[in-house]
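Quick setup: one chain, the form predicted on its own, written in structure tokens, and binding and motion questions come after.
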Amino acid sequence: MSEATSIQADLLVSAKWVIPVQPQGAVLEDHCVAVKGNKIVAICSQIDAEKTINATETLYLPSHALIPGLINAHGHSAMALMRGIADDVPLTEWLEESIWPLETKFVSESFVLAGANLAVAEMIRSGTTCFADMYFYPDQVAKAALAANIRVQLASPVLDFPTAWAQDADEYISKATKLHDDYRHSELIHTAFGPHAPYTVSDAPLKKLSTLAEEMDLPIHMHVHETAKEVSDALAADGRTPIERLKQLGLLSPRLVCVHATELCNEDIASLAEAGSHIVHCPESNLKLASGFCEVAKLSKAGINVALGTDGCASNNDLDMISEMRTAALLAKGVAEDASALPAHQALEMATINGARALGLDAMIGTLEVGKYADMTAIDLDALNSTPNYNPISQIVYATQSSQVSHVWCSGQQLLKDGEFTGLDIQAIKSASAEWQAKLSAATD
């Protein structure tokens, strides 16, 4: 191999299957991905790699599928500390009687940092390399993400009423713009505006956010049409669905990311499709809170980009995107009464490239392509539950467990090696979580 024709790489990952996600459904058997610095520089067969790639390190994964790092397009990472604290109750009761009172009492910088550290570790262990987060003290989530070298989009919350984070909508928005300024040049930290929901943010702040989002080139990440009650209350108030109101306020655009969207009429779907807005489906959270069903097949047929998220641990109760893919695929079939409604390859797209599109990061991540960041997850399919293997994409979606995730890289940096963390102090994370558990338990006794 001559220096003139060789590709120089820091890492060459040789896998049984490379699943780039694009082209759709592609499975490259006995292929390699070469990484230099933080980017992918080549994808080729193992035979061609031997001839053309000069790598400092080569990793052989003979029974593994290599996929893009999973993208959790909606969550509240600090709420990992509330995992299981208010189970088996409806959304309104869950929020008003359990979650909001606890947040009022306990949410602080230290609470958010401890919860984010726990959530980040859980996400890395299950193959996630990028997550969208909406919670108070987003600067602390940024700190946790940077320490772990994981990618995040921080949707700074905006509400009409005071919390520990801010007193009014103007202060929330001011803090969101400062966060953007602080991290505008970061490779891993991205920002968005996060108005909580149509029923918690009035018209004036929403109009202001619409203008700022255009000026600053930022997404708007918002809970929208989460329950039938939200929609019926809006119709009773002024005869408009929340989507109709957002449209009239100028928020419907390719920047808008609508989380949940369980209750959409045909007119709402047409408006979202025309505007190019995105939807984040959170199937397990919606099922647990009995919030309703997102009609994924119908939305996809309308041309709407549908991504996938876990929501927070307080309503899921995990951050496992492999499990979320399976639930999304099975639920979509049941809702549509059509076994072909959401095939495995589409579920994987929802958890990768569709999430990247919703976050506005699809030029950087979401697929395995030359020039994109080396955000990658390896899954060992040599397990009883994934044997025999006729189609690795189907195996990942329908049969694989997150414990089979063996290796994870974000921006070319290895975060998980043979199932073990490379840079996180897991015992310290568990100890901090136990301290907060004691405090929250005492408050709920």
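All residue numbers are counted from 1 along the displayed sequence. Just so we're clear, the structure is a prediction, and the values are computed from it rather than from any experiment.
This next part talks about the form predicted together with another copy of the chain, which is not shown.
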Item to complete: Decide if the three candidate residues Leu28, Gln46 and Gly360 all line another copy of the chain in the predicted complex, where lining means a heavy atom within 4.5 Å.
Response: no
Note: exactly one of Asp318, Glu244, Glu369, Asp139 sits with a heavy atom within 4.5 Å of another copy of the chain in the predicted complex, namely Asp318
From Lys229, Lys333, Lys298, Lys175: within 4.5 Å of another copy of the chain in the predicted complex by heavy atoms is Lys333
According to a 4.5 angstroms non-hydrogen atom cut-off, is Glu337 in contact with another copy of the chain in the predicted complex?
-> yes
Mark Pro90 yes when one of its heavy atoms lies within 4.5 Å of a heavy atom of another copy of the chain in the predicted complex, and no otherwise. yes
*Is Gly84 one of the residues lying within 4.5 Å of another copy of the chain in the predicted complex, judged by heavy atom distances?*
yes
Practice prompt. Could you confirm whether Leu287 comes within 4.5 Å of another copy of the chain in the predicted complex, counting heavy atoms only?
Written response: yes
Within 4.5 Å of another copy of the chain in the predicted complex by heavy atoms, the stretch out of 130-138, 349-357, 114-122, 207-215 is 114-122
Checked 396-417 against another copy of the chain in the predicted complex; residues with a heavy atom within 4.5 Å, sequence order, are Tyr398, Ala399, Gln401, Ser402, Ser403
